[in-house]
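What follows is a single chain, given as structure tokens, in the form predicted on its own.
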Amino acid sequence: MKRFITEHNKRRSVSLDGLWRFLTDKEDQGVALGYQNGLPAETTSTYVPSVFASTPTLLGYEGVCWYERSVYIEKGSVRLHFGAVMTDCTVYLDGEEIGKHYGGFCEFEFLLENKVAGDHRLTVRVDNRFDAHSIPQEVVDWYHHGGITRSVTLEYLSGVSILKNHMHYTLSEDLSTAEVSFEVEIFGADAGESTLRITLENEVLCSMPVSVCAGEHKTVVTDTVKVENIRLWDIGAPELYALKAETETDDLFDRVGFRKIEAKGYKILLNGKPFMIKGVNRHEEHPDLGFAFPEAMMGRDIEIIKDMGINSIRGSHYPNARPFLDLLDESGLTFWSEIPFWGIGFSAETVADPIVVARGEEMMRDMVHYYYNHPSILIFGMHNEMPVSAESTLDLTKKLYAFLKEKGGNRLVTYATCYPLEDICLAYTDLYCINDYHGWYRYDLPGTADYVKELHAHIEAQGLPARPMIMSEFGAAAIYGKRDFDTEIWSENYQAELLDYCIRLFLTDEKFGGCYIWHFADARTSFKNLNRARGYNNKGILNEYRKPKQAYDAVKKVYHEF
């Protein structure tokens, strides 16, 4: 897969990025017409990764598209990895279906065994249409792109291959030592025996014999070992360790960090010290390139964010690309990762739909599987602005919360609500995260302070535990360049004043653990579902091309004061 670190030395990987044959299928007749067996001659070319809307004639297209390319595969077993496909896809090799995947922002893979050496035809059917079971639902506040939006790779497997290596650890009370074990998934590309060795910073922590049959998957959990003199991963001091798992025929490299995140009373503690979140929500979206976001711009976004004094990013509202998380790991910025259960479009009945629940659970498993080792991820999010007064949402929240507390590693688990006074799910969160837009949708900026008092009183009256409150969304829209002597809505002046007022209010409240501004940069949305000026959510501190508004200097000033 595409990352900012080298994952393999022994395993050979081939990028499948580049030009693919491409064909729209608005009437969804492709399968009946046999497109999986070869696309007709009247195709065009498109670049992978990209989105449909990169082609001007496909702006706003919702429907089925087909991608095809020739792939040379050597004899044996291979791993075919997709960074993301929007939203529903079926993958074929030489006309044979090899698998399906649902979930537009999640990584996935297929293992192909005993392939014959030679040229093969790889075909992908991509469908970005909404239906009753979609996550998110059709009413959504971002542009509904479609396409193969992240990189595709082909990896050659041999012998005892390593598919994942999750590092589990518990830090001592003084945080100087760690009890460490590893959960390793191996696969028999060929039947055989080998020695699994795991090293951390070139020190061998584990060496054990393993054996697999051809085509067998096996999960191995190592004994627990002690690692001493821990260098902690922290804000601005991102100590990272090189992790390697290897057999005689394969290897898997990663970077990990040791840190402890917890919520005690009204405080968030990172490595035992109070941590005040000075955050921002960020869409991983470019006005011309959509969700096929360039790696160079990821680095630029991080530099802009650090300059403002921001220490945490919420990946709104979906898993972000792995290269971005690699950059966060090494930059010492923290991250809130979530799946696209974006709620206004969800009814209580939809949340109860078994297909919707199953899809959400699968997305959560994908996120945890691929992102588990990233130390920058301090928070896993379950959903956003769902109908939290409904029993169906309570059932879903209980299920997701239990999964993440058991399988998510040392993370805080939460969701964001815009209906806190009617919320029946608040017992199943580590942080009380509130989305509120006093001063914008409610044109009463001073009323924010009264609303905060009401929230505190409600939590106390419900007998809920003392936990940190986070204002997970707040802000105001401003049209880039609209400045005047009057401080009025839609102006840069008003947005800057609102953010200054709200940040100071939240960060001086002893029951708050921080806040996340909505949002980093203006992001494209849909005219069809939401009436947004210019077709953008204009609440960005910067415009869509990362040009700063007046709010940039205001946020930088106030965040650097705290």
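For every residue, the number given is its place in the sequence shown, counted from 1. Quick caveat, the model's predicted, so the values are computed rather than measured.
What comes next is about the form predicted in complex with a small molecule, which does not appear here.
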Inset, instruction - Answer yes if any heavy atom of residue 441 is within 4.5 Å of a heavy atom of the small molecule in the predicted bound form; otherwise answer no. - result: yes
Legend entry - residue 317: touches the small molecule in the predicted bound form, heavy atom cutoff 4.5 angstroms: yes
Legend entry - residue 385: touches the small molecule in the predicted bound form, heavy atom cutoff 4.5 angstroms: yes
Inset, instruction - Decide whether residue 532 counts as a contact residue for the small molecule in the predicted bound form under a heavy atom distance cut-off of 4.5 Å. - result: yes
Legend entry - Residue among 428, 403, 102, 437 with a heavy atom within 4.5 Å of the small molecule in the predicted bound form: 437
Legend entry - Contacting member of 52, 67, 518, 512, with respect to the small molecule in the predicted bound form [4.5 Å, heavy atom]: 518
Legend entry - Partner-proximal stretch of 429-437, 366-374, 160-168, 112-120 relative to the small molecule in the predicted bound form, 4.5 angstroms, heavy atom: 429-437
Inset, instruction - Report whether all of 342, 473 and 537 sit within 4.5 Å of the small molecule in the predicted bound form, measuring from non-hydrogen atoms. - result: yes
